[in-house]
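Heads up, the chain shows up twice below as structure tokens, two forms, tagged structure 1 and structure 2.
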Structure 1
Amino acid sequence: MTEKTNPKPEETKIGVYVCYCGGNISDVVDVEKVAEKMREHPNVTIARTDMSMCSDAGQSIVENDIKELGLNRVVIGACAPSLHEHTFRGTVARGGLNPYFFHHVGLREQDSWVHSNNPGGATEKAIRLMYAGIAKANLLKPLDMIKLKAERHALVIGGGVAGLRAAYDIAGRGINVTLIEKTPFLGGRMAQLETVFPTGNNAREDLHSLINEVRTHPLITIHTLSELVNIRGYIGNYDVQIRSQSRGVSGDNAEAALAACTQEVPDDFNYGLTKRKVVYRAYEGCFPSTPAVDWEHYDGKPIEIDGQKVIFENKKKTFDLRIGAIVIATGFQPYEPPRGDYGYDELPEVVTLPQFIRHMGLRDGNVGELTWKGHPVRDIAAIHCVGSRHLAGVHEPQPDGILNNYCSRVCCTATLHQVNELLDEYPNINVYDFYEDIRTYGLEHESYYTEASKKMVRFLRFHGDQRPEVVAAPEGDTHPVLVKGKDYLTNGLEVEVPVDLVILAVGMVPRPVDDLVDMMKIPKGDDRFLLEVHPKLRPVETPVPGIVLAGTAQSPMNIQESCNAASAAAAKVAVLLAAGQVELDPYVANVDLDKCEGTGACIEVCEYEDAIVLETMTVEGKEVQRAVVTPANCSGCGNCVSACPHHAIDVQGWEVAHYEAMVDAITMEVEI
């Protein structure tokens, strides 16, 4: 290692650091050779290597070099910028430099991982990439974070367990919360359960405890039958419009309307197993307790209440709010198998796991014998991975053409939990469990599998491309349904299991929230769930600042995980809004007003509302139009840079001159 001393005061003094990345880079790239070449650069004061630059020890090296050697630029070659650019920016700031006098070179993803079979070529590429980083660092200018006033008010979309938890935790930090729920009642899917794992607690008792905490909190306002219909603005200052439907009945006539109503529809709370009135409560003890009219199914005919004919009227209203951040907790819905899949919707003895849970909850106590549609149930088959882990050519794609090739994670434990509870009440029932893989991934959740085995549940393993077949048994058979397939626990033995009931362990699919996706410009993953920025470093954030995710809107989760994710979302919101001010990276478009001619070409290509507009101003005594950027709305995408015919726009921190210098450095002659 060599050091250059006594540089001229005006010299750019760059510190270059090349990370081994625990072997991820150094197993392919000769990092010592890379550092050696960097020392030859006239603007490089020092070049070092380290096994792990992101470690506390590695960061301390950079901090000390800035202070002791007077470095005024830093270039680090390491893993992806998405992982540690913020880490190293903080390191540079602690050393006393403007944090934007730093450039991050991704040597792992851009080099070692893609050239593992060519160490020599990978080393040369690393040298060129690092030279490009130095070329950009030479041109960097000091930048300041964008600081915005933040409204200490959060909007939570969704009144299930995740939304409730997020709202309560945010309010607990002294921030106002408005919670909106699209349906008439709070609770979401958790309200449809009887018990929860791993505690075994009564689901609705736990849920009602949380609901009571939320509804009595002075900083939380709840609006049911409400949805977001418009949003403008940016983090800290979102202007949102909420549309609410009326319940149709009031406390004065609610009970009379409920009693007088005769129109019935399938009860979605019980997954269609029963019927309910169009004036209804979701379940006994629900909140709000006031019944509501099912506007989707109400036929508009008058109902006689106390001798008067009454036609219910949906008096919709809209209202506006100014909020600082948004939590999306829109939840999931159980997968609905297509007609005929495993006999679903064709054979009355085939039900989904959510339907079976509701069937168990609808019983009037333990009557000594489990029945289904009036017939005794002695043998049950449970089939896993229905609606999950789909294979191309084996399963039918969803209506949007996408296969549910993901694992829904929760179904295995949920099925075994329900089977164990069933056998506690009805130990004489025989259960046959057809599975592809048992994935009881949670802490001590393997005990559900062990317990089921001890209770003599028969496990039969199938392959994903050889699913079991469910058919009606021949007339006069002892059971109404046969489950046929190969059991690979017994080397592919053909089996035929007669049963009275088939339970399909259906997976989770995201609720259709395309309206929110379009309004907020947030991304969806390949599985159609809403996508976070980074699963480890920014696990609840979306790319849109101030909009975060909670619970199963993001991915399949159990209740415990949903609440943890909601608490994480609440913590993020609290950090953003607690100080009444937010800070954003300054990588946004910047207009040179001396070059701008006000053509509006930049506005035509901008995809972000109000990010750039034309404003009238006076220049040399004349009124002219010039492009003006609202930094909070700008993503720094650079579309406007390419569109401007007068080259009047650049993206701060990523200027055209930076790119030109980097290209020149990458393509220059390098003696290896």
Structure 2
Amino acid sequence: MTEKTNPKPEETKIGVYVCYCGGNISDVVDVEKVAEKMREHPNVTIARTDMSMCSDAGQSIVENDIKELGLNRVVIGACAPSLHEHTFRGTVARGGLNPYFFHHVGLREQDSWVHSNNPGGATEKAIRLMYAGIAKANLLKPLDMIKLKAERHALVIGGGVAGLRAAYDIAGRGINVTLIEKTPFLGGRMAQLETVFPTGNNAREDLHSLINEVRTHPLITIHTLSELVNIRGYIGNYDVQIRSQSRGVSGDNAEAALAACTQEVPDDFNYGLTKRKVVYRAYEGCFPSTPAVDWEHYDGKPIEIDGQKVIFENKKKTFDLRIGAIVIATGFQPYEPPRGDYGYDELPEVVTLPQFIRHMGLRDGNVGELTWKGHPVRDIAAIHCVGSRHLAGVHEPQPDGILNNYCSRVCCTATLHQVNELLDEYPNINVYDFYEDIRTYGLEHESYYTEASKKMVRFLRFHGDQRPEVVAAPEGDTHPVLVKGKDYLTNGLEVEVPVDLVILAVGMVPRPVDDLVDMMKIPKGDDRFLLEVHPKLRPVETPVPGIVLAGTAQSPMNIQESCNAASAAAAKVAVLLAAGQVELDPYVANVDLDKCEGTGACIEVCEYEDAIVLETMTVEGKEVQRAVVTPANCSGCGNCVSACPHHAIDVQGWEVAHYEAMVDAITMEVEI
């Protein structure tokens, strides 16, 4: 090894800080003992403890020590680096040091939380981890953040209310937005509602006010029938490819085609309650108003328009965009019970709440009597928590192996809102509401529960492990369906309620977006919903820089919560792109050109496109191939480091020598 690649470590003066983490660490680890041990280390100038190092007071101590004691390295033992490594790097920089002269040791997630039953062992582990941190700190080199130009252009995926809200707010900040929607029409699930709580407003009128703002905004471009098919690049500079399908009809031909079309399919807008043509509008007044061909179901046969036979053609096109940040607003779909569950899909009198809402919307102004499939409806049962709050060991996991053990948050208020509206119109109908807990949690939501009680809705409470059953009534009974269960408001009384209609308050599941998940390498939670980095510190951000979440793709939310999350996502995009520049951590591969022999082994193992390539360069008058890293594309995973036969590559800030020193420190024979 030459002197140049292996400089002598300068004499280090290390400040070591061990955090109590408000008891999270100190309840298990003897923090004072750890600090005591550190003071004996020859490189350590000072070792201190604090209740919370991340507080302003705690950070000020570090700043002052750097200035007053001339520290040139800082090691802090605290929570996981994912939480506050960034915070402390700022502290070190304010103290006047290069921010990468800092090493963060995870003493909470990696120690106190997992060894809470063994305080002695946890303390020893903390000491050894801190020794390792010091060993690494000795070898740290100054680094600079990677600064990149950021494209002031955001992509919003999903044209439901969250996507619309996010698009409008980002554009409001002066940033270009491209909004893509998979279906031919904007509006998403909100368009399928009739009225919304807590205002009682017409859902589509509210929605259209937002759609109008979005479609007339000069900075927003909308592409319906469009999907993301490819993505490359990194925050500030994503190269995305979008594939659009054509509407199949346009201009004068559109209305004529709609009129002439005869092929019918179940109408997904009405959850299959009705049929529609394959040339269709989602609903009257939808945007765009031009009809579209349902390519999935169109049989390809000619349709006769004005005496001419026309075959619709799907003219697909793809186009490329350079995007700075991406908002994922792909939304939810209602949980669909398996056939036979609560009689669903077997008994015609069992519907889901979304279907029932459509049924109410489809009535043509006839208020005399509510009917279902031609029969008058006198008695209705609503059953809560269908597809939600499942219990391990009691309920079967879903076909994908996941147990829907979460609360879907919206269904209680949505059900009672619908029931109240129903009873306003049809006061003679009896409603039996089977619930586990009524969760009308919002400021104005409890009043829906109170109102339903006043309207004489009969509430029957089941236990989560004893949910009601829905069965066909015996032939000749007064009602077609019986709901059986135990009511724990009346001492577990066995009840059998004859009804004409059963409404299942189904929960939410995310729309399937595995293609996006794979393409973007973003995580999903145990509940299938997309996962944020941290619910409080970074609640709408994914771990992939520049990709944020809006609305029910992340978790069940009502409209207000979806819009707030979407606006929050817009704020994060604005923070990232407003300056037209982004900064990335410099933990990327670095090639030592003196050692590189251009074998290309690194490129074979690299999982990121264009992160490392061979370039031709001239060395001592000879043309040779050498590996070159594009820092922005490199994730710092280290695959290339292990593959290089000449040990020519290291990840900056995490060099092989660092690991070796850390391992030596951890395994060092020392009395603790």
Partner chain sequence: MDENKLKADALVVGGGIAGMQSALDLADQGYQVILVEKEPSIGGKMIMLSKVFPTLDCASCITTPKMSAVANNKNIRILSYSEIQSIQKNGSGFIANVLKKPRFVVEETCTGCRLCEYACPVDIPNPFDLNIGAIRAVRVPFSTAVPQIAVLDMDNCILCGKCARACPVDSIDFLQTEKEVEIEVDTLIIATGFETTPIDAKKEYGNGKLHNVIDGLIMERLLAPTGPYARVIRPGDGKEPESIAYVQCAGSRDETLGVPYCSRICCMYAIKQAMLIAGSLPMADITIYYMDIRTFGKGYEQFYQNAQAMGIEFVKGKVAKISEDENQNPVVRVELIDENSQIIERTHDMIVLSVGMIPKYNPSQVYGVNVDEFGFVKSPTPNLSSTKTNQPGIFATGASTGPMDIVDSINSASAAASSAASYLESVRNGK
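Reference numbering: structure 1, starting with residue 1. For clarity, every value in this text was computed on a predicted model and none was experimentally measured. Heads up, when I say rigid core I mean the largest set of C-alphas that superpose within 1.5 Å between the two forms.
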Handout entry: Structure number, where the criterion is the form predicted in complex with its partner chain
Key = 2
Handout entry: Rigid part between structures 1 and 2, V431 matching E607
Key = no
Completion exercise
Here the smaller rigid part turns relative to the larger between structures 1 and 2; that angle in degrees is 7
Practice task
Once both forms sit on the same core, give the Cα displacement of G121 between structures 1 and 2 in angstrom.
Solution key: 6.6
